[in-house]
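One chain comes next, on its own, written out as structure tokens in the form predicted alone.
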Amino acid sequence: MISFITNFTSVIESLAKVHRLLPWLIAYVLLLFLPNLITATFGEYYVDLANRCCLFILLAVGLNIVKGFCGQVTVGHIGLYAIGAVTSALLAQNYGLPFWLSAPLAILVTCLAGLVVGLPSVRLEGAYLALATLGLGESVRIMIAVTPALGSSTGIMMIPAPTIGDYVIESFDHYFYLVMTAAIIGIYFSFVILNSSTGRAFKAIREDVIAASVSGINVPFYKLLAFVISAIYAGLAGALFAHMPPGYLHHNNFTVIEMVTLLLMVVLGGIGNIWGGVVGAIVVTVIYDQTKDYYFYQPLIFGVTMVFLVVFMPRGIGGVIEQAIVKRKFIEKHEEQNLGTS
């Protein structure tokens, strides 16, 4: 398995040397055939599951920026997701805005909310910051649940699907192309951010706030920037979720259980590891869907799983694979050196 991943990584690196976008374009073209393959093999329902995987990939990658890159403990990410979803749904339903206009406006509103959620990070850290963000996230859900204009207990129904001209994107397989494109672009830009000076500032803050501040990094600015970038991902995922068939939102889509599930995706994949977050999002979404008949036991199962992961596999799947690849390359290099000297 590790040998396959090592060879696969080498192929990707070779393609990236030709052009840095070439591996992404090849992956995008290959994924275009996925809905037909899934429908022929498993059925149309699993195309809807693939759509939800793409949405959670966006959320997990966004959460990894603020939690994995910048080291800020936030438990209010699902509240930003809710703000993006409800804002886009209401703009489309009440004002007749098309998805292509309501979604950017929803992202803008979510960015402002992300700024508010990030403000406690300037003064708070660790468990105190987690409690503050949890309170903000839950207050969003409660406000949606008790406000008739935001859907209240009945939810928001008949949210219009995105359109291109006269064509309505209302089937699961056609919607896949929309969410998959957003997920690919989201993953690509998270790598761009990680390898930029902004990403290096995030990592410096994560490792040591005082040392980063002494080095001249504007710590409060970069902390807030991490929350805002993360909110862009959450807002986009929320808008895509609102307009996804069957076009229905309810405040129960944004509970603490969903937040724990999202955290599990990041922890399972590996905090700070982008591809690990993608793998974690896919694995947990599939398990969540296949165990929904045991809904009352899911929080217990996911909570205990997260505790065991933190204790026995703190770097997650991505960290374990990364360590195995480095170890294998180290062994291969020494074997080549020994053959050269013998």
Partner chain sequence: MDFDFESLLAFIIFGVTIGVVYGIVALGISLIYSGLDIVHFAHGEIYMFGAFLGLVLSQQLGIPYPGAMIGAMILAALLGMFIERVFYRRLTRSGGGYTVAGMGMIICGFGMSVALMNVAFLIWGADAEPFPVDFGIEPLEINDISIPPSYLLTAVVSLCLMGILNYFLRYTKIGLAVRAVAHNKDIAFLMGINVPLFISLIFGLACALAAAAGVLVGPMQSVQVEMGYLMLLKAFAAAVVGGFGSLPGALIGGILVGIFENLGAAYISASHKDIYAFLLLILVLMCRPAGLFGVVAKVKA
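Numbering follows the first chain given and starts at 1. For clarity, every value in this text was computed on a predicted model and none was experimentally measured.
What comes next is about the form predicted in complex with its partner chain, which does not appear here.
> Of the residues 112, 164, 101, 124, which one places a heavy atom within 4.5 Å of its partner chain in the predicted complex?
None of the other options qualify; the answer is 124.
> Of these, 306, 55, 287, 274, which has a heavy atom no more than 4.5 Å from its partner chain in the predicted complex?
Flagged contact: 306.
> At 4.5 angstroms, heavy atoms only, are 40, 177 and 232 all close to its partner chain in the predicted complex?
No.
> Look up in the predicted complex whether residue 149 has a non-hydrogen atom within 4.5 angstroms of its partner chain, and give yes or no.
No, residue 149 stays farther than 4.5 Å from its partner chain in the predicted complex.
> How about residue 210: is it within 4.5 Å of its partner chain in the predicted complex, going by heavy atoms?
Looking in the predicted complex, residue contacts with its partner chain include residue 210, since a heavy atom lies within 4.5 Å.
> Quick one: is residue 257 in contact with its partner chain in the predicted complex, heavy atoms, 4.5 Å cut-off?
Yes.
> Does at least one non-hydrogen atom of residue 310 fall within 4.5 angstroms of its partner chain in the predicted complex?
So residue 310 counts as contacting its partner chain.
> Among 153 to 161, 258 to 266, 167 to 175, 79 to 87, which stretch sits within 4.5 Å of its partner chain in the predicted complex, heavy atoms only?
Contact criterion met by 258 to 266 only.
> Within 4.5 Å of its partner chain in the predicted complex, which residues of 132 to 160 have a heavy atom? Give them in sequence order, or say none.
Contacting residues: 132, 134, 135, 136, 138, 139, 142, 143, 146, 147.
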